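Take a look at this single chain in structure tokens; it is the form predicted on its own.
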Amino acid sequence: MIDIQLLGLLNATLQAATLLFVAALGELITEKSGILNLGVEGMISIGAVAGFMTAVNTNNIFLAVIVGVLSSSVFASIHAVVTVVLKQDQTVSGLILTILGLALSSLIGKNYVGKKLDTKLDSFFSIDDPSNILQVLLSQNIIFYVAILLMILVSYTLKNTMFGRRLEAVGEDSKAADSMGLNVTKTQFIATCLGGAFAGLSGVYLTLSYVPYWTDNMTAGRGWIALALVIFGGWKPYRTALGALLFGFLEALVPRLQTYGFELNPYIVKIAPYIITILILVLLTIYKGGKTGAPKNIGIPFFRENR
């Protein structure tokens, strides 16, 4: 029989990885179009508070998920307007989106701090104490399975559909894509809002399942790890999923080290995942000779008159 602590570690790993992967997958879509959005942290926070508030007031989980996803997508449209329509600096806009998202979510959620959630996202199978790996997998939240389906769908879309080919064409060379008749502005706008929707789904999972309550700054830097995961995965959905599992494992492992007899300073415990993230990214960049596989036009605004 597998050690119960190892099963608990696996369960926590899958939960943490799901949260990170959904947000990273959305950012991957956005960056594939050539738009860099550093506002993932803020978008997750907006989706989290919107979903939680809806769940508390209506006890309708389905409605809470829809509201959280749409709220984050609409919030991401601010970045789309600023960077795609107005052609402003994408880095500055993304940072402002993060600051605005965290501040706005704290403001509108201040009356919901400490509120009890009467209903939350459940798994398909009610298994309270899983005793094997299969039961751990079956006991996962519905968003876990949605994340797997989204990974397959996004990978297929990028490789085998017209929209995916247009998305990659715009991200690689927007001027050439425009000369072929593709609507660069429309494609980038849709991709940015889609990325926001995925971040919103991650936020909904955070407050309706992962930690079913609301408090200020509960995203705890996960949006930045999601950004790192896109680079780690080389802008590939499956590799990004593997990276999410790795970082989810690290997030789950560090607090459990003390149960195995390792005494660590609590501050080191908190910053460990971020230190490891930086080290892995540096090593990957060195290994690839500085070539990360990023879309060539990422972060570069498209001016049609300069074509």
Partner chain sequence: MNKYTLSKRQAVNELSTFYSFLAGFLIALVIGSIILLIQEKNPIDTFSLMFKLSIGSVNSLSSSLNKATPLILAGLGIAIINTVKLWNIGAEGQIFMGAIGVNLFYINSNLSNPTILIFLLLLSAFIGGAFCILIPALAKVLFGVNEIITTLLTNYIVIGLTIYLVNGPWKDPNSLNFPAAAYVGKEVYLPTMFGKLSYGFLICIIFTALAHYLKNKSVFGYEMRIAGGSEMTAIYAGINAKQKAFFAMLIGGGFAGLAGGVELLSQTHRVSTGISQGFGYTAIIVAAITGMRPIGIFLVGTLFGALSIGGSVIQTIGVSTYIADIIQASTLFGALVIQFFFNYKLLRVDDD
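These figures come from a predicted structure and were not determined experimentally. Positions refer to the first chain, counted from 1.
One more form of this protein, predicted together with the partner chain, exists but is not displayed; see below.
Student: Using the partner position in the model of the complex, report whether Phe62 sits within 4.5 Å of the partner chain, counting heavy atoms only.
Tutor: Outside the cut-off, so no.
Student: Is Tyr238 one of the residues lying within 4.5 Å of the partner chain in the model of the complex, judged by heavy atom distances?
Tutor: Contact with the partner chain, no.
Student: If we define contact as a non-hydrogen atom of the residue within 4.5 angstroms of the partner, is Gln88 a contact of the partner chain in the model of the complex?
Tutor: Yes, Gln88 is a contact residue.
Student: Indicate whether the partner chain has at least one heavy atom within 4.5 Å of a heavy atom of Asn141 in the model of the complex.
Tutor: Flag for Asn141 set to no.
Student: Tell me, which of Ala191, Ala147, Leu206, Leu97 has a heavy atom within 4.5 angstroms of the partner chain in the model of the complex?
Tutor: Exactly one residue meets the criterion: Leu97.
Student: Looking at Ile133, Val211, Ile152, Ala220 here, can you tell me which has any non-hydrogen atom within 4.5 angstroms of the partner chain in the model of the complex?
Tutor: Filtering the options by heavy-atom distance leaves Ala220.
Student: Since the partner isn't included here, can you check whether the partner chain sits close to all of Ser93, Tyr267 and Ile271 in the model of the complex (heavy atom within 4.5 Å for each)?
Tutor: So, yes: the whole triplet contacts the partner chain.
Student: Look at the stretches 196-204, 225-233, 118-126, 133-141 and give the one with heavy atoms within 4.5 Å of the partner chain in the model of the complex.
Tutor: Among the candidates, contact is made by 225-233.
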